[in-house]
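Okay, here we've got a single chain as structure tokens, the form predicted alone, with questions on binding and movement later.
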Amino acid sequence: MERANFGSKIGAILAAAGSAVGLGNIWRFPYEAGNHGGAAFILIYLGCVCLLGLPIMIAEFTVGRRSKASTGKAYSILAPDTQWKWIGYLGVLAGALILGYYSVVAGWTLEYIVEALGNGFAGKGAEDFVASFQSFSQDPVRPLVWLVVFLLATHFIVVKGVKKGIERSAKILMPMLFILILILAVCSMTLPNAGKGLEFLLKPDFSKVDQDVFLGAMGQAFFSLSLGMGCLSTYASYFGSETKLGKTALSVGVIDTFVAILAGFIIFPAAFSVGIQPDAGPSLIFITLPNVFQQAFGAIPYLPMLFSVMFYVLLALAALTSTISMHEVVTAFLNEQFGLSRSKAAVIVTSFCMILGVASSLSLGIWSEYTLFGLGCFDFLDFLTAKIMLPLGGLLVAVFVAWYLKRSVSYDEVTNYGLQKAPYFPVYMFILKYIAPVAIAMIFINELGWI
């Protein structure tokens, strides 16, 4: 049976970009920038994307397109009868585990869209938003309803297949995301005192630059681009022979960074305009920002409601493009490895992730006393995947492509068998061999708190 391919270059780029763009771009990036000197952090982050993110992305693309298989099977094809197959299995497992708890947070965005549509944020103060969020996130029923809705939406798109599901949704969702984020950024930058936020975002404060800033920027670049979980490798297996891996990686990197920085243009001016520092971490988007929107746009009737609705729709779209890619990693593996139809494989993945999602959601409330290594299910899955599995996966991908795979294979893929010029290839291989593994190892050690 002929393997499905993306129908166009723009479809391939938008699908891969959708995999990379997620909730982390919109809340984690501004939070990290806020904690690490604003513009100084952004400059270092851009350097890390170029020096670390893009080479690893091209390596994942190489594995996917060369093998023409999902990440779970790709390494068995490229390195038969070796232990390298475990890199693929690690990516599949990471995708499934992340989808399980990530869908909980994705579901929260739907609750906040509905609440914003009903003007439910009006008249609330800071303490009210804290109490409201805690009450909702610990509720044993409402978060589960939204979790199921979000996973079913993801399931529906994945079942449709590569062209009619993943590519078509990317061509719709990504432009919508761009339009929303541009509108929100323009509105935010016109607020009184917004200039202070823009100055923080654009004027580097190098006095705050230290080891933590570099490690934080490397970690953000790594996680923002969805490296190490097999999404990009699986999507690359659907690339046509004409797709330019280097150019596609650069396009994905630019889109991902564009969304992250524009999120800063939304959050910093709005927060500074009402005297709030945007360094609230995960609570930023569900506690701090609703309060900011009410204060910042409260002078004009219904504008806080409209701004809030658009913002949480933006979050939901960003989350959906990511959940689609994670679901596809596991679905494609089950489809290829065990010969299951796409629909049966998708049902298994959706069902498994619903069970994980239910456990993760309830661990924030009525199941909070049940822990593993002192962590509830939600926090344990987050720690296991973000701090261990993804850095380890990225490290192994770099080592595999740079040290095991024949250099001629990498060259053929990057140059489309000599049809495209790739003057950067020697530098790319040098980074992949010597710089990327060390940098990822440092992220890994830092995330575990060992340095």
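Position 1 is the first residue in the sequence shown; the rest follow in order. If you're wondering where the values come from, they're calculated on a predicted model, not measured in any experiment.
Omitted here: the form predicted together with a small molecule. The next part is about that form.
Annotated contacts: Gly24, Tyr102 and Met229 all touch the small molecule in the predicted bound form [non-hydrogen atom within 4.5 angstroms].
Site annotation in the predicted bound form: the residue of Thr109, Ser360, Thr154, Ser322 reaching within 4.5 Å of the small molecule with a heavy atom is Ser322. For the residues Thr331, Ser308, Ser224, Ser188, the 4.5 Å heavy atom test against the small molecule in the predicted bound form is passed only by Ser224. Per the 4.5 Å heavy atom criterion, the small molecule in the predicted bound form is contacted by stretch 322 to 330, the sole one of 267 to 275, 284 to 292, 122 to 130, 322 to 330. Proximity of Ile98 to the small molecule in the predicted bound form: non-hydrogen atoms within 4.5 Å are present. Looking at Leu14, you'd find every heavy atom of it more than 4.5 angstroms from the small molecule in the predicted bound form.
The small molecule in the predicted bound form comes within 4.5 Å of no heavy atom belonging to Ala436. Contact between Ala20 and the small molecule in the predicted bound form is found at the 4.5 Å heavy atom cutoff.
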